[in-house]
Every structure is written in structure tokens, then in C-alpha cells.
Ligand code: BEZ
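Quick heads-up: it's one chain on its own, the form predicted alone, in C-alpha cells.
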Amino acid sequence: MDFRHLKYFVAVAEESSFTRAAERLHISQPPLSRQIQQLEDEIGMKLLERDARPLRLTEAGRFFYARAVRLLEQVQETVSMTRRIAQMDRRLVIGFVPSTMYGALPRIARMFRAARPQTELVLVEKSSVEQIEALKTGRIDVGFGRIRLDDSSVRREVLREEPLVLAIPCEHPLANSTAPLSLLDAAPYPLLIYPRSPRPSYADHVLSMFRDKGVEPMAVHEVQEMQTALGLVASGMGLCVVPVSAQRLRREEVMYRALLEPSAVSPIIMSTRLHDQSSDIVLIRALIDDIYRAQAAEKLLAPPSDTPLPMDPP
């Protein structure tokens, strides 16, 4: 059994068809069928129910598929980490959800470039769900997201729980005060959520907070981006729950109110491959600690303020 057998079997299992798997692998169907037959002969049992339409895995095949996928991921991870250790790949790719760009991520990027000018730093926008798959396939090296997703090959660390605030049109009845609000106060009005896809996402997190209070918003309108949602808030189309670091946006048209619920927070989650302890990853984590320490010191030295919602970056 070799690496090719695993790759071929996984393709057939995922496509439920020798024809589609052969197209995916860019080979003809007969040699693919022979490779799978050789694999079954070596294992000593059938992995596929060939008479089924579509093609199905046997119980042994389902077990072998799960292990094969894990082994292929480990191989990809090993290759990526070996390149980094050997300094053959002087490139660090960070995946991020858009809302983290209003917090500390730009500062982290500037500090990393200053410390490692020889390493190309690339930032790519990806949802929390997309970041997991991109980490496993080596397309990104670090992810900053907001959704707790479990995967045995990914190390996940919650860096902080960022407070959420309610974005309200300036002429809205709820904008008449600066006092914190409850989600119950927002429920009678239309709610804008984002992103529309992929799911699960931050949108589901917001909706679950309302459901935890036993209420549903009067109406829910889905959009793809936070900027779009805030533009619609400014036009009077509804309310929107956003991270506190985003409250600098559209200040002339949108009012931001703190939320009373302790659950009204959104995690900032750093994800990396499980065993990736390369020097670049270690440096990124150290820079985050430095930024948090500096922010804590700034808060201690800052004079008292009447501003009800401090813009506290993640």
C-alpha cells in the first residue's frame, strides 16, 4: 500500500463514482479500478459496494476512508511544515474574517513585516469555515475567525471575547438614549445579519443569542458583508449586532449601543495546524501578547472618559 492507493480510494469514496473520481484525478478509469482492487486485495476485504448506485462504502470502507483522509492531511501538513523549517517557503499566509480588520490584525501584520522582512506576508479573506479546510490543505498558515469549529488536525485558541454592540439608525426610537440595551429591546424591529454564506457563521451566532432569550427578531434580512449591513442600518432598514471594534464606521449615520447580555460577545479565534510550531507561528503569537499587554497598559494610564463604548480592538 502506498500514498497513491490512499489518494485514489479517497477520491472514489468522495465522488461515489469511478468515472468522476478518474476525472478528478486526471487518469483513465481502468487503472483506477485496478488500483482500488489491489488495495482491497492487500487489506483482504471489500471496501466498496460496486453494485450499488451510486457507489457506496462498506462498513470497513467507511472506517478506512476516515483514517485515509486523516493520513493524507497529516502528509500535507508534514510537507508544509518541513518546507517552513527548511526555510524553503519564506511565505506566511493569514486567513481572516473581515471584522478582524477593524481590530488588531493590521497592527499584527505591520509588526510581523518589521520583524521578518525576508518573509512574504499574505492576507486572504476567508470565513471561519473556509479557514479550517485551507489550514488542512496548506493554503493558509494561520486563521483568525469567530466561529468555534472542532477539527482534530487544527489547534484553536480563543484570544479574547469581543463585546458586541447594537447598530441603530440615528433617527430610530432606540437612539434616543446612550444607555445599554437588551436584545429584548431590539426584537420588535427588523434585524440585519451577515454573512449570508457560508454557514455556520457569525450570523448564526447572533440569531442564537436572540433565541437564548426566547425571542425572534420581527424580521431577518441576510446580507453578505458587515459594511453592507451597516449601510442598510444607516438607511433605516433595520438594526444590526456588530463587534465593538466596528463602531468607528458610519458614525454620522449610525448610533452604537452596548448590550446588557453577558452572552453578547464574539470570540476572536486563532487557528493553526495542530503541530505547527514554526518560528513564524511562534512570532505571531508573541506579537499578539505584546499588543494585549500594551493595550492593558494604555487603559491603566488613560484618564477617565465619558465615552460609553470604548473601541477596544481584538
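One-based numbering along the sequence shown. Because the structure is predicted, anything quoted here is derived from the model rather than measured.
Quick note: we don't show the form predicted together with the named molecule, though the next part is all about it.
Checking His172, Arg160, His221, Lys136 for any heavy atom within 4.5 Å of the named molecule in the predicted complex turns up a single hit: Arg160. Interface residue among Leu47, Met255, Ile288, Ala246 relative to the named molecule in the predicted complex, by the heavy atom within 4.5 Å criterion: Ile288. Interface membership of Ala104, defined by any non-hydrogen atom within 4.5 Å of the named molecule in the predicted complex, is confirmed. For the chain shown alone, Phe144 is a contact residue for the named molecule in the predicted complex, at least one non-hydrogen atom being within 4.5 angstroms. Proximity of Thr100 to the named molecule in the predicted complex: non-hydrogen atoms within 4.5 Å are present. Proximity of Ile108 to the named molecule in the predicted complex: non-hydrogen atoms within 4.5 Å are present. In short, of 115 to 123, 69 to 77, 152 to 160, 222 to 230 it is 152 to 160 that has heavy atoms within 4.5 Å of the named molecule in the predicted complex. In the predicted complex, just one residue of 239 to 277 lies within 4.5 Å of the named molecule by at least one heavy atom: Ile268.
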